[in-house]
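Coming up is one lone chain in structure tokens, specifically the form predicted on its own.
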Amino acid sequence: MNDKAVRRSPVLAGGLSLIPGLGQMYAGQRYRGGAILIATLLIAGVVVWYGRPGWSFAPIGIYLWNIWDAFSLARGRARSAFLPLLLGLVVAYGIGWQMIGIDLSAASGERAMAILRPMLRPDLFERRYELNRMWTPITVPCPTGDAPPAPPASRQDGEKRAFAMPDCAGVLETVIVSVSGMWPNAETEIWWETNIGDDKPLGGNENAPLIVETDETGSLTTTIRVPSTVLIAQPDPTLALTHRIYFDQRELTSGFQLSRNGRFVVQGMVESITMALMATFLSALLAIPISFLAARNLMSSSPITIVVYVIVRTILNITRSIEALIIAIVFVVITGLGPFAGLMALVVHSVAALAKLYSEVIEGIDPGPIEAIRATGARWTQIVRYGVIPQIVPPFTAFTIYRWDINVRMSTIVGFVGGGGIGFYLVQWIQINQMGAVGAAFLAIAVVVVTLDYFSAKLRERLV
């Protein structure tokens, strides 16, 4: 029996539809009946599962429509499926709205503007300035046991001298710092550099800079507290290591230059673009041979090749289903923080994606040359060399360029879990509420992505 409406007893069809879809099957609409049964059970299950009895009108409405539809089909007239589709969408979005807890009244325009205002002033460029800098070492924490005492926390550079008292201190302990020989009556920013080079502001909330003005002799003395985050990257918090306390003065001159955060933005974008380029190149080299093993038309000549085809396809599907961000977390654990972990995550994900795209290109090529070469008794490698490769070079190149475009976007995300690139800096700026730097990063990402998208589109047009 084909899947078309057949005239049956309308009363019997309506009675059978008490079991959703059975009346439609009786009227000859097997697929329609199966779809109605699944949809009714699914909508009813969602309402019961999430405990939302108020939405019961939807499965009841679909159930009643099912009886009416079966009655009409038996008389040779099919009813529109618009009503059950509408009811299903209402339930899906309605329950989803409640489960997510969407509350538009909770949105605060004041909080939004507090974030957006600094983002609209990207911290990318600044007025050019002359820097007058001095620093002194300090040991954190103080040596214990038989360890030698901390070296003096003082340093002299020409007429400039800086020191801290005491020579060592623990986290959150108070330290007196002093500097002389600086510019007189000038604002001086005091900040902390850890033993691994991380910068720590010393303001009241540890997110704001500490600025103190020197006196008429170019000297200042103030107290600071050792930042609470100085030992985060230190495997042994009891190990005494040398940190630095900096004193910076700036005098504006003519022109503009990249700001400190602007330099990090440029460095992060260069890392992201390099990661994307290297990942695309390496993944293309690996994906090309794998794609031949994942092409059905090339691997259907014997049971052994079919088994290889199924195994390779399964591995590719599993790998593609795991987001690159998750893979990056795994590689961060294996290789540590940095661009290398992000590169490996992009390579793994790109190999699976490109191999699938390449294999589909191979499966869609003209089979004539392949059959002709196979008929001559050529080996599998010869079939690939002379019958497949000449047909796939242009689409392979286009897909590779497209994947590079995707990898540039993905490289900005893997940094959020420590995979390097601009995302690595971006997540830190968000955490310390430096929204001006966040705005600069967003601007740089947008410019790079739009530019690369334009040029990659032009290259793909030339290859088609």
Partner chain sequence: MLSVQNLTKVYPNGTQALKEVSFDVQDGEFLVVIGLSGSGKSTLLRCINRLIDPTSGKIFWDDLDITAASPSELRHIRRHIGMVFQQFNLVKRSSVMTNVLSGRLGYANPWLSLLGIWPAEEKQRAIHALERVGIADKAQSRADALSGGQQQRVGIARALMQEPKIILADEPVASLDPVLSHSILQYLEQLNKDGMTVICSLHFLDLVHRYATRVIALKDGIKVFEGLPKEIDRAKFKEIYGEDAQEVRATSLEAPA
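Everything numeric in this text was worked out from a predicted model, so none of it was measured. Positions refer to the first chain, counted from 1.
Heads up, the form predicted in complex with the partner chain isn't pictured, but that's what we're talking about next.
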{"property": "The single option of 172, 208, 375, 196 touching the partner chain in the predicted bound form, heavy atom within 4.5 Å", "result": "375"}
{"property": "Sole residue of 151, 369, 181, 166 within 4.5 Å of the partner chain in the predicted bound form, by heavy atom", "result": "369"}
{"property": "Contact of residue 253 with the partner chain in the predicted bound form (heavy atom, 4.5 Å)", "result": "no"}
{"property": "Touches the partner chain in the predicted bound form: residue 228 (any heavy atom, 4.5 Å)", "result": "no"}
{"property": "Residue contact check: residue 420 to the partner chain in the predicted bound form, 4.5 Å heavy atom", "result": "no"}
{"property": "Non-hydrogen atom contact residue 379 with the partner chain in the predicted bound form at 4.5 angstroms", "result": "yes"}
{"property": "Interface segment, criterion being heavy atoms within 4.5 Å of the partner chain in the predicted bound form, picked from 77-85, 317-325, 381-389, 127-135", "result": "381-389"}
{"property": "Interface residues of 179-193 toward the partner chain, as seen in the predicted bound form [heavy atoms, 4.5 Å]", "result": "none"}
